[in-house]
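Presented as C-alpha cells, the chain that follows is alone, the form predicted on its own.
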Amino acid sequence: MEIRLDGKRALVTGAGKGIGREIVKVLTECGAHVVAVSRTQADLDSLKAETGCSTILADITSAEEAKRCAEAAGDIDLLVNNAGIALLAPFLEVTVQDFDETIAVNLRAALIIGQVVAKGMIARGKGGAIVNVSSQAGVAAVQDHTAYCASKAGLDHLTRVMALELGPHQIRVNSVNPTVILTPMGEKTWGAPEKGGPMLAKIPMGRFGYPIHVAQAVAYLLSDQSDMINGIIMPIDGGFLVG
C-alpha cells in the first residue's frame, strides 16, 4: 500500500522543527503541497529550500495570529494541528501565565485553525481530513506536566467533538498520541537517565520514538486508506498504555 496525497493542499502548524518538520517532509513525499506555519523565519526558509513548501510566519499563541495564518493558507484539504509547547513545573508551582500560554498553543489554536479550515472544507463540499497531534500525556498523568497534560487531554476530547460534528460533512478528525519522541525538546526533557529511565521502563518495546513514527501515522490518517477512521485517539507509544 502506497500513501499518495497528490493534488491535496495540507496545512501544518509547528512545522519548523521536530515532529512538525518531519510531517512536512513526509506529506511532501506523498505528493501533497504543504503550507508550513512556524514562528521562526529561519526554520521556514530552510524547510522551504528542502521541500518546496509554502510558508507562513505566525505565532499562534495569539488567537488573532492563529486565525490569520489559517485564513492566509487558502483552500486546505488536509490539516495537521501539530504546534505545541511544554512549560514544565510541579502542580503547586504552575503559574497562571504558563498555564494560559500552554492552553493557547496546544488547544485553543487547534480550535481556531480547525474552525477556519473546516468552514472552507464544508463550503467546497469535498470533505477533508484533520489530525491533531496530541500526546500520551493526554491519557496518562506525567510528573511536572500539569499544564501540558491538561492541554493534551483537552485536545483529545476536542478531537472527538470535531469528529462527531464534522463527520456528516465527510471531514474526518483523528488524533495521534505519541510517547516520548526524541526531538531536541524531547532530548532536553527526557535525555537524562534519572528522568527518562523510569518512563522507558514502562514501554514494553523498551525504546522511545522518533519524528518519523509520528509523521507516517499522520500521513496514513490523512489519506484515503483511512477513509472510515474518524474520532480515534491513536497511541504511538510502544505499548505504554497497555500496562
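Throughout, we count residues from 1 along the sequence that is shown. Computed from a predicted model, the values in this text were never measured in an experiment.
Beyond the structure shown, there is the form predicted together with a small molecule, which is absent from this document and is the topic of what follows.
- Between the options 54, 183, 216, 51, the residue in contact with the small molecule in the predicted complex by a heavy atom within 4.5 angstroms is 183.
- Only one of 162, 83, 147, 73 comes within 4.5 Å of the small molecule in the predicted complex through a heavy atom, and that residue is 83.
- Within 4.5 Å of the small molecule in the predicted complex, a heavy atom is found for all three of 38, 43 and 60.
- Heavy atoms within 4.5 Å of the small molecule in the predicted complex are found in exactly one of 90-98, 163-171, 114-122, 129-137, that being 129-137.
- For residue 179, a non-hydrogen atom is located within 4.5 Å of the small molecule in the predicted complex, even though that partner is not displayed.
- For the chain shown alone, residue 11 is not a contact residue for the small molecule in the predicted complex, no non-hydrogen atom being within 4.5 angstroms.
- Taking non-hydrogen atoms only, residue 19 approaches the small molecule to within 4.5 angstroms in the predicted complex.
- At a distance threshold of 4.5 angstroms between non-hydrogen atoms, residue 105 is in contact with the small molecule in the predicted complex.
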